[in-house]
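Below, in structure tokens: the form predicted on its own, a single chain.
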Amino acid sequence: MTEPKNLDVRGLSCPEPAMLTREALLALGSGELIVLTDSFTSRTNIERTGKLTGWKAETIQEADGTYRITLTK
């Protein structure tokens, strides 16, 4: 299995995190993308973006408040 790709969108304002996630997913095609965000709204939008493009989203909230979203296809 190949290494997952990482995308750090912490500190960015909507809609930029979801747009960057969509671009990364389209470029990747399949596999695993790990997205880090510090915003609940961005987390929701990133999960929705993944699901709308056929990816499975799994989210963990880290102790520092960062959301780690793993998107797989």
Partner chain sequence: MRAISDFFISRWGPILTGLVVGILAPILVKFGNPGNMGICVACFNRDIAGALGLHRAATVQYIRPEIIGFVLGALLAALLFREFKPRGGSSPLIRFLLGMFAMIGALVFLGCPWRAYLRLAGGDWNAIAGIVGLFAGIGLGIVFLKRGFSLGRSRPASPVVGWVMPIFAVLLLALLVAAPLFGRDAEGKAIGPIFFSEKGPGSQHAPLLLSLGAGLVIGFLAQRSRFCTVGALRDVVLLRDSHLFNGVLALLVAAFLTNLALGQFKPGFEGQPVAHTDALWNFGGMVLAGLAFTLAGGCPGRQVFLSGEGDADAAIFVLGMIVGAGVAHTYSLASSPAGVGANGPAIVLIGLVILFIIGLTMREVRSA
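Positions refer to the first chain, counted from 1. Keep in mind it's a predicted model, so treat the numbers as computed, not measured.
If you look for the form predicted together with its partner chain, you will not find it shown, but the lines that follow are about it.
Taking non-hydrogen atoms only, Ser30 never approaches its partner chain to within 4.5 angstroms in the predicted bound form. Although the partner is absent from this view, Ala24 stays clear of its partner chain in the predicted bound form, with no non-hydrogen atom inside 4.5 angstroms.
Shown alone here, Leu52 lies within 4.5 Å of its partner chain in the predicted bound form, counting heavy atoms only. By the criterion of a heavy atom within 4.5 Å, Ile60 is excluded from the residues contacting its partner chain in the predicted bound form. In the predicted bound form, its partner chain lies beyond 4.5 angstroms of every heavy atom of every residue of 55-73.
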